[in-house]
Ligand code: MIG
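Only one chain is given next, in structure tokens, and it is the form predicted on its own.
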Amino acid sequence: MKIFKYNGMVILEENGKKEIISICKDYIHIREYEALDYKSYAVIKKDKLIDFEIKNNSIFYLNKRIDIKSNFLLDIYENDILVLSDIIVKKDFDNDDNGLLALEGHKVLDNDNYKYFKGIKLNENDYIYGLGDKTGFINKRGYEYINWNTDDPSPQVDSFKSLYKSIPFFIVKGIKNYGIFVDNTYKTIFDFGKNKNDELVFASTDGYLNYYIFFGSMKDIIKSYTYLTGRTPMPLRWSLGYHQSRWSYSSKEEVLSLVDNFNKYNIPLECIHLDIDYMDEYKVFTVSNERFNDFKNMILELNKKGIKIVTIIDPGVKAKEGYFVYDEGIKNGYFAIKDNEVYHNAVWPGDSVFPQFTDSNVRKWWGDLTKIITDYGVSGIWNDMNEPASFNGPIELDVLFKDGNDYKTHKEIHNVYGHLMAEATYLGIKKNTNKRPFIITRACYSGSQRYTTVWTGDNHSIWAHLEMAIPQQCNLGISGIPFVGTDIGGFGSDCTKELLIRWIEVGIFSPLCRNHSAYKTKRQEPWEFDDEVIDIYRKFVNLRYKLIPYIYDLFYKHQTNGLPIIRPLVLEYENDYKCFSINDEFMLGDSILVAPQVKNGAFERIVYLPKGKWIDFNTNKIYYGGKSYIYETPLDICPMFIKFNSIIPILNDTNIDDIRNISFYCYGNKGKYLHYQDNGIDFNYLNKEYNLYEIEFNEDYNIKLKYNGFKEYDNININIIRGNKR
């Protein structure tokens, strides 16, 4: 093994093969020599190289040492403590004879040939988090997953290998933590100790070996990863309100009736999502004049009532001459090709063609088309079916997508198709409106957080999916995507009264708070059940609006720390082993612990509180952490605890378009808090048009305002809650 410096990097050479290691302060970047000029879809920062020293077969820098072994294997130490150790892996994934399984009707995986394998030794007490919204529990140890964006409408269970997103980033928590980002867009497999308990393996069907290793606490690792791949811009403040959706609200009359009912039952509503039936023949960038005549005036009237409209847009373009999107795309060569012909498959419009979002000209064209939608007054776009999904079998792997002067195969760009569609949509809306875009996407890749919010896709109205909503959102947050949500009540199947109540008690804490259900399922508007549902639903949606300033502050802090809004307990309490695998509790930021009831027919639950003192949000009683409590959970109660000595900003009403009055609730004996205020609409905050309020309390309180050109609140109220003894 030869080891030498080259342009500030380490070059390893053995048997005619070369690998490169870039040494940076918080991470190292390892890749094949052929990947030196690889253009990443995810990474937006260049490696900031630092100095290092090579002695014998080791690299020394800061407090770390990397020992180089044969076959490009590494042992990495921090302060002489082993962080990770590479191992040789020789195995084929799922290449056993699947014939007998198939005969009995079992679903079997394709026998893929993987180009490379990378193995790392797992220690007995290592825990693994991340990889986006894969199914199962918060700790991924012992499972195997495949990154291949997949639209599978069947009820998702723990055994699912793939879902809609491919986010190849995870954190291993052990004696020393490390995170790994595998920047490869091809089909990639992750074995987290499934086949051999002490082996972590990742492998890809093609592309280059190209990955990053991050070091430090879990928060340090997330901060470094999101520094590389980007962070979510400040959202439109209204987007944090309550959203109502269904496949489909299919006429103007139905939409207006929906708004009337929300007003009748006094339930706050911010936004309505329109699914595919608002379009003419499911043609994107069109509106059905039959079902939505006078669409623009309808939206104008709704906007006056404070209601926004978000419309769905799919990538499949109806192949029909005379349809302007199809004609423009054909004329300019904007659609994917196969065998020198435009490639066709089927989705909702029937015979369809697919834009080459890999090409910057196509992304600009698609972005410009969004002006058709925004000119109607639509406030956001919902990207769906962008795995990309197709009805006449999967899109073939050899279908070609233009990228500059070159073409890339579907095999390579499948996992980034939704990411590039989100980018095109985001940049188009930003250009056309000069406002912060609101985009929601089903499929994405690492770095998509720069453009879009996400939801976990087509879940079902089953209790298992309510339970799974918590680890899915927590792992998405760990994976760098903070603006997340699930379909409240479940998309497929039929929701029950109890399930809807328990789901809204979880959903109000999701950054994206949207109730959505499928065609011909039981309707999930709260008045479709009974008065008890309406009253409880109203109570919790109102609570959501009270928390919006706090959630908005978390997005502001995300700009600098990259941390998620919804967090697993382990992210805040890394040294408390009881938090390592908790699936039914979560943190909202660092100050609010939520322990919802997610079991059918249950009216009490065990709540674990980490060390420290906590104040019950519902009763103001003090609880002492480091132990578990049995907590009563009638239908209208969600256990919620405020960390002692925390400050929570609370909205006094449901008008989030122009917040003029705010309260700060100070829990405990003393505390400090930084509160952010801007107009919630545009990018003027990048020019420092915002205010920062520094709130501090002990026996009394004081507020310091850092004024940066934005108008102050009309009224600020302070409430100090010391807590009551139990």
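Not measured: the values here are computed from a predicted model. All residue numbers refer to positions in the sequence shown, first residue = 1.
What follows is about the form predicted together with this ligand, which we do not show.
The single option of R567, K643, K187, H516 touching this ligand in the predicted complex, heavy atom within 4.5 Å:
None of the other options qualify; the answer is H516.
Heavy atom within 4.5 Å of this ligand in the predicted complex: which of W455, F357, F292, Y212?
Of the candidates W455, F357, F292, Y212, W455 is the one lying within 4.5 Å of this ligand in the predicted complex.
Given that the partner is absent here, state which listed stretch (126-134, 330-338, 178-186, 376-384) has heavy atoms within 4.5 Å of this ligand in the predicted complex.
Answer to the contact question: 376-384.
Taking heavy atoms and a 4.5 Å cut-off, does I276 contact this ligand in the predicted complex?
Contact check for I276: yes, within 4.5 Å of this ligand in the predicted complex.
Would you please decide whether R442 lies within 4.5 angstroms of this ligand in the predicted complex, comparing each non-hydrogen atom pair?
R442 belongs to the contact set for this ligand.
Any chance L240 has a heavy atom within 4.5 Å of this ligand in the predicted complex?
Outside the cut-off, so no.
Wondering, does W247 line up within 4.5 Å of this ligand in the predicted complex on heavy atoms?
Residue-level check for W247: yes, a contact with this ligand.
Suppose contact means any heavy atom within 4.5 Å; which members of 624-650 contact this ligand in the predicted complex?
Nothing in this stretch is in contact.
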